[in-house]
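Taking the form predicted alone, here's one chain by itself in structure tokens.
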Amino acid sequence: MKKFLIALIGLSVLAPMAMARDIASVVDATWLEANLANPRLVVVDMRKVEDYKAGHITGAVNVIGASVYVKAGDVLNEVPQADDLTDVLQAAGINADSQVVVVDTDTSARLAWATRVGWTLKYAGLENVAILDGGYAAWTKASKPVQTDPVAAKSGSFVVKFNPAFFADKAYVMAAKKAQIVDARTYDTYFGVSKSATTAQFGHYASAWPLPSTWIATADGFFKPKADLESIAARLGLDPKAETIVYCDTGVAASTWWWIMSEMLGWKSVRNFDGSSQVLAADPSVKYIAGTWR
């Protein structure tokens, strides 16, 4: 009996270790080129079909962005239903142990769309997901190998099982009285000088901290160093140990700081508000605040 209990304890320790991340949250072109032959690697190119056909990373599969962030009623950029997302990911050749690298055009204008896909894959239950630093622009600038022939992936076996710890909706946000709320939109939007057409009110959710997603990338289109990103959050007064909810207009820009906090900095409790201000500010009982700073 004692040996049996020891064996069970050993399995319980090894199980979570087997699911631990074994790929960095952000990888560069040099790392990716060196790992292209890895049978576990799946490079997911999120660019438009015509851009993909004009040239893409050797072996990369094209996944249409609209299949990963969908319109649900009037709400933009929502997570698909589990069975629909499972079909998309299996068609891309993704298995539970795959190392998935998300590639978009660059890490400046398209950063939020890459991290949104990254967040969706993590929320879907995939552990090893990375963003290509600098995107396809950095890959070609470094003269890395490309091809024009489409890649037909062998069907994968991954089945979506959403991790609720990464997700927030309107009800959760309004009930989270002790969470630190982070607004990833621009300063102008946060203050109420301007607003997106998708958001019904000017200003920001009460108690929200302003932390623009535009602060994440360098002028040449790469992620800022980890220490710099950590410093930005610290200087704002955010607590890495506190529950954190990030929102924006539709849950896309918010995914940038979710990615930084959760995947790069290792904060343990970070949620992305899917629907964000498009859903929250549409409720007349929720009063956004304009003309003030936190």
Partner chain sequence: MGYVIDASLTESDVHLSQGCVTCHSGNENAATRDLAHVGLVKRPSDDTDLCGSCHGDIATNYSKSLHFTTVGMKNGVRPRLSATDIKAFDGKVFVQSCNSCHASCGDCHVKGPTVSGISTGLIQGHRFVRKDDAKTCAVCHNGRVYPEFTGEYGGNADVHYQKGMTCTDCHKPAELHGPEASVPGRKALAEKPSCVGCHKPEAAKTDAAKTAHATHAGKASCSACHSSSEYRNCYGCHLGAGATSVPGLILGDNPRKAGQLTTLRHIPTVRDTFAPAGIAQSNYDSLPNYWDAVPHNTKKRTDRTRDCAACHVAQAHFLKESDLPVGGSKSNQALIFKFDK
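On a predicted model such as this, the values are computed, not experimentally measured, just so you know. Numbering follows the first chain given and starts at 1.
The form predicted in complex with the partner chain is left out here; the points below concern that form.
Novice: Which of I64, A242, A234, A34 has a heavy atom within 4.5 Å of the partner chain in the model of the complex?
Specialist: Contact check passes for I64.
Novice: What is the one choice in D84, D169, D97, D188 with a heavy atom within 4.5 Å of the partner chain in the model of the complex?
Specialist: When the partner chain is considered in the model of the complex, the option within 4.5 Å is D84.
Novice: L265: heavy atom within 4.5 Å of the partner chain in the model of the complex?
Specialist: Looking in the model of the complex, residue contacts with the partner chain do not include L265, since no heavy atom lies within 4.5 Å.
Novice: With the partner left out here, check for me: in the model of the complex, does some heavy atom of K53 sit within 4.5 Å of the partner chain?
Specialist: So K53 counts as contacting the partner chain.
Novice: Given that the partner is absent here, does A179 sit within 4.5 Å of the partner chain in the model of the complex, heavy atoms only?
Specialist: Because no heavy atom of A179 falls inside 4.5 Å of the partner chain in the model of the complex, the answer is no.
Novice: In the model of the complex, is there a heavy atom of the partner chain that lies within 4.5 Å of any heavy atom of L41, even though the partner is absent here?
Specialist: Taking the distances in the model of the complex, the answer for L41 is no, it never comes within 4.5 Å of the partner chain.
Novice: Which is the contacting stretch out of 201 to 209, 136 to 144, 159 to 167, 87 to 95, given heavy atoms within 4.5 Å of the partner chain in the model of the complex?
Specialist: That would be stretch 87 to 95.
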